[in-house]
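Before any questions on how it binds or moves, here is one chain, the form predicted alone, in structure tokens.
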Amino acid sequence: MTELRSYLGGDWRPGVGDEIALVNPSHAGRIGHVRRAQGLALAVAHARDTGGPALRALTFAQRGRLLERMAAVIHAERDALLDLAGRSGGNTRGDAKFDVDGATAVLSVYAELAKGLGDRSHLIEDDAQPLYHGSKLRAQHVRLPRHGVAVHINAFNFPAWGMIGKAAVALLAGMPVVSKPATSTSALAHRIAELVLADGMLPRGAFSLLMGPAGDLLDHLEPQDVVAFTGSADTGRLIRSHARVLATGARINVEADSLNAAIIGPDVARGTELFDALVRDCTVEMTQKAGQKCTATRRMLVPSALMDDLQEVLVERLDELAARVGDPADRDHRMGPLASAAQLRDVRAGIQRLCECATIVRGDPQRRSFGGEGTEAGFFIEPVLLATTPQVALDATAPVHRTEVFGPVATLLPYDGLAATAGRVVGAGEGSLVSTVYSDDRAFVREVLHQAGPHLGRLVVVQEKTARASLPPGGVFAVANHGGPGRAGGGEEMGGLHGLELYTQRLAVQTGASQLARLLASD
């Protein structure tokens, strides 16, 4: 059986110790294995000392052309990558496109941004300012690439987009990357890395791939390094409190748990395009990637008068989808399995916790029969919709505000239709990546913006006249900030040029006006 090796120190290297099996989650058949890597101290030093100077020697425009080439190489193998996403991650064709095409889209966006930055290797943040009235001395803020390595620890749900999305920003900023994909779905990340590295486009040391366990990776951090982590809040806390992180002050960015919400205004009524958009979005967010998205809607805040109508329609839609859950190798199946046996156990346990405060109104978490041969051994679960009471919705200690079930699971929460109440309920989740408000009531939306906004990284507003053209909130775009406060990790990624801030150092340069202009001219 094939071992998927790490690419460290400029070479593909076998691991050591016991094999860790990689399986097809539709039927648990083995597709390869990884083993523990060794020599991480030398690998990190190679990236820092070889890849870093090579990238910093390039201008933004030159780095952007590297990203363009990466996008072209990945896109050329798109069909094969989509097939691999199905085998290694249980993705339907549509889910695989969401991941793989998302990766090339981020590369393309940052390649385009690079053209605007031109032939310089530093960013000018603002205009030069006099130090005091009448002074000829000026101060100006610039951003320079950090002289370290960007360590990326990625989640299992987006092995393509998660790896390449982070790498695109770091490489453009001028920092080399050591990427550590989640093991269960790492076959797709490994193949993409093979394609990019085989092309020879990147400077030596600019990109490294660590397969299998992270081992002592964080023990080798230095003060100029950056760690960007996507995963559970518990692991995020461990990284933040790691002894080496505390000792060096290495920069940390965390994107973690997120109890995202759909906030339905009191003006929404059945039979409108706004209602239809709401149903469409909530159905997509529950079932796309089998609900394994950090941006998926987990809580639906429903005005009490609309509760019966929304529940009825959602149950109908989810029933239709539940009949087409199965092995994504059959393209008639609309939802595939969860990524691993551990994930299935966690989702079932999470549903049990939610049942402490809510009732299942559609779905059987113990269902065993799904479409496709051999799927009884797979990691499947059908969509599960729960509902609770207005009292529970307002109880910040209730499991619905404490437990993110990372699967096709969401809960209906009735409320009084007031924006202040909606903000209170959203805030009970203690920080989310994204929430969506559905309403044509401008006053309601404005108050939601101010009441719920501080608890969010992104707010999507959907109105009747834009309902048909609106996009589900789970899509993450390179031009918008991705991150959220509190439980969501407190991090920020992408957001166009804002994404470069994580990998660069703000520097205030203070000198005479003419000297400042010469220093900061194009390289």
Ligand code: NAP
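Residues carry their position along the shown sequence, with the first being 1. The shown structure was predicted, so the numbers you read here are calculated from the model rather than taken from an experiment.
Heads up, the form predicted together with the named molecule isn't pictured, but that's what we're talking about next.
K.L.:
Counting non-hydrogen atoms within 4.5 angstroms of the named molecule in the model of the complex, say which of Gly174, Pro181, Pro328, Gly89 makes the cut.
P.N.:
When the named molecule is considered in the model of the complex, the option within 4.5 Å is Pro181.
K.L.:
Quick one: from His455, His482, His46, Arg63, grab the residue that has a heavy atom within 4.5 Å of the named molecule in the model of the complex.
P.N.:
Of His455, His482, His46, Arg63, the residue with a heavy atom within 4.5 Å of the named molecule in the model of the complex is His482.
K.L.:
Given that the partner is absent here, does Leu246 sit within 4.5 Å of the named molecule in the model of the complex, heavy atoms only?
P.N.:
Residue-level check for Leu246: no, no contact with the named molecule.
K.L.:
Should Thr421 be counted as a contact of the named molecule in the model of the complex, where contact means heavy atoms within 4.5 Å?
P.N.:
Thr421: no, not in contact with the named molecule in the model of the complex.
K.L.:
Could you tell me if Ala290 has a non-hydrogen atom within 4.5 Å of the named molecule in the model of the complex?
P.N.:
Outside the cut-off, so no.
K.L.:
Wondering, does Pro145 line up within 4.5 Å of the named molecule in the model of the complex on heavy atoms?
P.N.:
No, Pro145 sits far enough from the named molecule in the model of the complex that none of its heavy atoms falls within 4.5 Å.
K.L.:
In the model of the complex, does each residue in the set Glu285, Ser435 and Gly486 place a non-hydrogen atom within 4.5 angstroms of the named molecule?
P.N.:
Not a single residue of the candidate spot has a heavy atom within 4.5 Å of the named molecule in the model of the complex.
K.L.:
Which among 311 to 319, 150 to 158, 103 to 111, 127 to 135 is in contact with the named molecule in the model of the complex, heavy atoms within 4.5 angstroms?
P.N.:
It is 150 to 158 that comes within 4.5 Å of the partner.
K.L.:
Can you list, in sequence order, the residues from 394 to 421 that come within 4.5 Å of the named molecule in the model of the complex, counting heavy atoms only?
P.N.:
Glu404, Phe406, in sequence order.
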